[in-house]
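Taking the form predicted alone, here's one chain by itself in structure tokens.
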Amino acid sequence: MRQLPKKGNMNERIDTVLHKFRSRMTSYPPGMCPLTLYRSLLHISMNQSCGKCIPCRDGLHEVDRLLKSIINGEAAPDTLSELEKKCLMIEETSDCAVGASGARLILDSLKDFSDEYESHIKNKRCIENTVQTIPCITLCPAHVDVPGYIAHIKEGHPEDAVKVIRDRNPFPTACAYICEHPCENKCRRSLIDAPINIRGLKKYAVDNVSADSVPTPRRNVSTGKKVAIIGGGPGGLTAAYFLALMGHKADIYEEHEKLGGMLRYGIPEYRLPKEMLDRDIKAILSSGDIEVFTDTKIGRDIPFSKLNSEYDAVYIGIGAQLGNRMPMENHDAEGVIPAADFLQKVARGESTDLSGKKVVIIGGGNVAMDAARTVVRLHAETVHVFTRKRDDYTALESELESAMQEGVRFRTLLSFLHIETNNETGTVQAVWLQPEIVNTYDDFGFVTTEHSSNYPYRFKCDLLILGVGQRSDSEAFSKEGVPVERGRILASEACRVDGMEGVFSGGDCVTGPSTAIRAIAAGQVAAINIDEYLGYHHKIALETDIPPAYPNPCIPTGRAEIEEKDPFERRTNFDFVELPMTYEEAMRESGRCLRCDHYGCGSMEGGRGDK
């Protein structure tokens, strides 16, 4: 007799367990040995084996034995060859995907972590003497003491929270509004329910105390040293802030009328009101001996060689503010504009009413989403975003969701072929798109595509915005001997420019387009290394104490999210879209913090992850 499965059967209960276990993967702590991770994943394949075929049933156990010997430092030099041969045999002879995928997992590790395997065999240890570190501090590029400022918020001291943030990041307000919050990615609270809303709590702090009303740390006595900062964006201002606190004179050369870089000219007003940005900048400029020269472009108004000879050190933080155009016919036609250029034009007040216009945007990053949502506020009739595949939508999920709510339409599996212009006026009138189909995955786990047999089709548009990346205006520096490759300045992880004494560089002009917090981190690193280059080793005091930690009962509790205004209201203007977190929400959310700076690895030597 046949029966339907019972509700709450074994398989359903296992699914519940697996759903809960997913959080253990997303919150896997930084600082772990990658080989132990691969062994844990191998055990999953071993447990899934049905036992029918010998390569899977017995072969994976042999692989596990070899991997364990490598991790424990007991393996011989020929163990790697033996491990690879066994995995290749299992992959080729297993009956099903359980054994083949388990073997492929280890084969991938042999390629991706060859240096780690070599260190375990030769030196009997991890390549970096790996230790677990506090996830939020480690993954914040600026290594801000996240548990410390959350503890101050819980105690009702937002001004002290700002001091803790500013100890590593002089942009507490700007980052509270627009940071991509990588600090939340592996939050250990995920083991219980969901990551702490770190950005939301930071925003609560700066919403309750103006950053420019919180005094900056006392500066050191003057050293008599002068440092030129080229670029007044987040990276340059960060370098100037820390150098000024150390006692050096910092002169900032900025080509625009106002300071802020892409925070001012690239982030729309509805995400970061410029009066809030000015609070951070005002505090930075009050920190010490900082002089600002706006409307001054190095290479046009002053040669780089002059600065290099007159200053004790130079920091180049010019960012990547020039939008890319695609190498095709009509890429510079009227009505075709890079997303970065479009946003800067709007920020300067040069925007036009787009009523009745059909707008197409190519690209799915954060800049493309900012452009799409800006176009909506300029009253465009329709806004369509096209990408080749879903993986091309690299913008934050919250940005994609907000854009959809505001009426932006998204299409994938379409590749961009060419631009059609009006024969008489030369303005863009359509784009041609080629339908795609999904194909195999690449080495990074992203799906590839190929052309579909369907014919290309024409899509009418009055404005085409290209969200396909940005580049630095580095040509003038290259002409004066600064090493540049493919538009990027060549500098080390210590922000030292290759082969140039006393010249440092960091941020987007070195790495390519990235985020504000990464530019801030580069400015911080550069300031510390410039200080040491000048012969000092200054320390900047944190003028507040971190509150004591108390045990957390670890009761599963919902995460307090940052709410936005109604889409139909916010799409009509450039007013700030987020609603403030309430006192009750902030207290409950800060109370969810597990204080990893005190409990677990955070209290051990090297466990903070802030170096």
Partner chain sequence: MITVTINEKICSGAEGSTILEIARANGIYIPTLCFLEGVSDIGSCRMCMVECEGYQMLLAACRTKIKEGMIIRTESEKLSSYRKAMLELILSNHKTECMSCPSNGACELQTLCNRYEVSHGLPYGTRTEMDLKLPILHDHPFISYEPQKCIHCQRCINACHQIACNGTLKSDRLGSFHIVNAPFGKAYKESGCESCGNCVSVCPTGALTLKKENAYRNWEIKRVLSTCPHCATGCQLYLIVKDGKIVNVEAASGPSNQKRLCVKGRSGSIDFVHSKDRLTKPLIKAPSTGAFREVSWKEAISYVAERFMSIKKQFGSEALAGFACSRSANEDIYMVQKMVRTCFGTNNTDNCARVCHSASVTGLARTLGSGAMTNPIGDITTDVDCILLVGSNPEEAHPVVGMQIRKAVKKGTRLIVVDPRDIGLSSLADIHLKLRPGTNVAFANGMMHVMIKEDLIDHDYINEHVEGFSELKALVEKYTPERVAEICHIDPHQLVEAARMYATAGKAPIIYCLGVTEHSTGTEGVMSMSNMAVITGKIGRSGCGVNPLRGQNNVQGACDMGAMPTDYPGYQKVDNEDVRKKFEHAWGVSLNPVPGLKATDVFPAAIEGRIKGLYICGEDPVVSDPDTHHIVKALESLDFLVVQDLFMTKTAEYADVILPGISYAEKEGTFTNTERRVQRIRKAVTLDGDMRPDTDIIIDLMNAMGYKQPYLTPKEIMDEIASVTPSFHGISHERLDRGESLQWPCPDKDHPGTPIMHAGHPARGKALLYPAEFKESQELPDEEYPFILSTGRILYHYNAAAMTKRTPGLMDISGEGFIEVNYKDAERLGIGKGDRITVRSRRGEITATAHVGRKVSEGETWMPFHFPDSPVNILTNAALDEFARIPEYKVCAIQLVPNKHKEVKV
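All figures in this text were calculated on a predicted structure; none of them were measured in a lab. Residue numbers count along the first chain shown, from 1.
Beyond the structure shown, there is the form predicted in complex with its partner chain, which is absent from this document and is the topic of what follows.
- Mapping the unseen interface onto this chain, residue 208 falls outside it, with no heavy atom inside 4.5 Å of its partner chain in the predicted complex.
- Interface residue remark: residue 57 is counted as part of the site for its partner chain in the predicted complex, having a heavy atom within 4.5 Å.
- Its partner chain in the predicted complex comes within 4.5 Å of a heavy atom belonging to residue 94.
- Its partner chain in the predicted complex comes within 4.5 Å of a heavy atom belonging to residue 53.
- Residues of just one listed stretch (58 to 66, 571 to 579, 29 to 37, 546 to 554) have heavy atoms within 4.5 Å of its partner chain in the predicted complex: 58 to 66.
- With the partner removed from view, the residue among 417, 404, 88, 191 that has a non-hydrogen atom within 4.5 Å of its partner chain in the predicted complex turns out to be 88.
- Though its partner chain is absent from this view, in the predicted complex it lies within 4.5 Å of a heavy atom of just one residue from 70, 46, 562, 542, which is 46.
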